[in-house]
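Before any questions on how it binds or moves, here is one chain, the form predicted on its own, in C-alpha cells.
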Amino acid sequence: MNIVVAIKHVPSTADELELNDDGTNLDFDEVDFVLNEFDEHAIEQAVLVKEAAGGEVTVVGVDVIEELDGVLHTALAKGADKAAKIVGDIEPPINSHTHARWLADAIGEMGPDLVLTGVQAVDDLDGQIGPMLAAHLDMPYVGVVTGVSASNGSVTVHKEYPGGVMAEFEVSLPAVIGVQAAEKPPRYAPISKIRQMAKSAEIEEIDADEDFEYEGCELRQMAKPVSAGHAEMLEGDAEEVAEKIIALLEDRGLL
C-alpha cells in the first residue's frame, strides 16, 4: 500500500509569540517552527497501517523558511520510508487554499492509495487542508478519525462526533483521512536515529507552482491578550475568608 502523509510546519506555541511591527501577524524571524501535533498523530497512524498491512510511507510538506528538514528526518526516524518537501520562494504565512493545492499537486504524482493528514493545524484551526486535498485529488474524505485499519482495497475508520459519539465507516481507496488521534501515542524517535537520518536520508525536492495564487482570508490585525485585572487573594482563617466571600457576594447583589 502506498501511504502518503501530508504534514505542516507551524509556529511553536510553547514559546512566547512575538508579533511583527505592523501587528498583522507573527514575527516569523522570532518564532521556532515545529511539526503540527495532529500531523504527528497522522504519521504514527500511517506507520501503524504499514506495519499491519504492509506498504510504504512517504511524508511530504511545504518547506516554510527552510526549516522542514529536521521534521522530515524525525518522521523517517519514526518509521516513514521516504520524505519529500515542496520548495520555492515560500514565506509564511501560507493560506490553506495555496497550501492544499501545492500538496495535492505533489501527492497526485505519487499515486497514493491512502493519504493521511492531521485533522487541523494549531496555527489556523480551520481544518480545511484535508477536505481540500480530497477535492483536488478527487478522493473521498473522512475527518476527526481516531483509528484506521486497511484490508482488501478499503480502510475502516473510527470517526468521533461531538459528545463523544463514535462511528465506524468503511471507505473505498484511494481516500484522504483527517487524523485527530492515532490508535497509539506517537512513538519516540531517539536523537541518535534522527541524526543518522540527517546524514544518510535523501529528501526529494518538488518545485512549488508559484504562479498559482489564492488570496484566501486576509488577516488584518493580531494582538496579545490584554490583562483586565488581577485576582484578589482572600487572607485569614476559614471563618474570616468565609465572611469575606459572603460580603463580596452581597456587594454584587448575588445574595
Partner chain sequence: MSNDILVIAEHLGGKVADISYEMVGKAKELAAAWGGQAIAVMLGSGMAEQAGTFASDATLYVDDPALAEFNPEAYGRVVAALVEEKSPRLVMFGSTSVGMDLAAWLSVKKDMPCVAYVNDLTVEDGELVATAQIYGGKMAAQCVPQGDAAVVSVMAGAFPADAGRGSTAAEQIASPADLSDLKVRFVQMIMPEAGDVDITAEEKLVAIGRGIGSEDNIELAQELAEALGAELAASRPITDAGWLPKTRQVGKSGVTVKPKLYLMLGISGAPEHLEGMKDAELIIAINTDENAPIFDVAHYGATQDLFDVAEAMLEALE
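Take the two forms, superpose them, and find the largest set of C-alpha atoms that agree within 1.5 Å; that set is the rigid core. All values derive from a computational prediction rather than experimental measurement. Numbering follows the first chain given and starts at 1.
The next section is about a form of this same protein that is not shown, the form predicted together with its partner chain.
- The partner is absent here; in the predicted complex, the one residue of V119, I90, A77, A106 having a heavy atom within 4.5 Å of its partner chain is V119.
- N95 falls outside the set of residues with a heavy atom inside 4.5 Å of its partner chain in the predicted complex.
- Its partner chain in the predicted complex comes within 4.5 Å of a heavy atom belonging to Q221.
- Proximity of S172 to its partner chain in the predicted complex falls within the 4.5 Å heavy atom cutoff.
- Proximity of D69 to its partner chain in the predicted complex falls outside the 4.5 Å heavy atom cutoff.
- If you take 112 to 130 and check each residue for a heavy atom within 4.5 Å of its partner chain in the predicted complex, you get V119, Q120, A121, V122, D123, D124, L125, D126, G127, Q128, in sequence order.
- Relative to the superposed rigid core, G153 undergoes a CA displacement smaller than 2 Å between this form and the one not shown.
- In the core-superposed comparison between this form and the one not shown, S227 has its Cα shifted by at least 2 Å.
- Once both forms are overlaid on the rigid core, the distance between the two CA positions of G127 between this form and the one not shown is 2 angstroms or more.
- Note: D124-M132 Cα separation is 3 Å or more shorter in the predicted complex than here.
- Relative to the shown form, the CA atoms of I129 and P225 are brought 3 Å or more closer together in the predicted complex.
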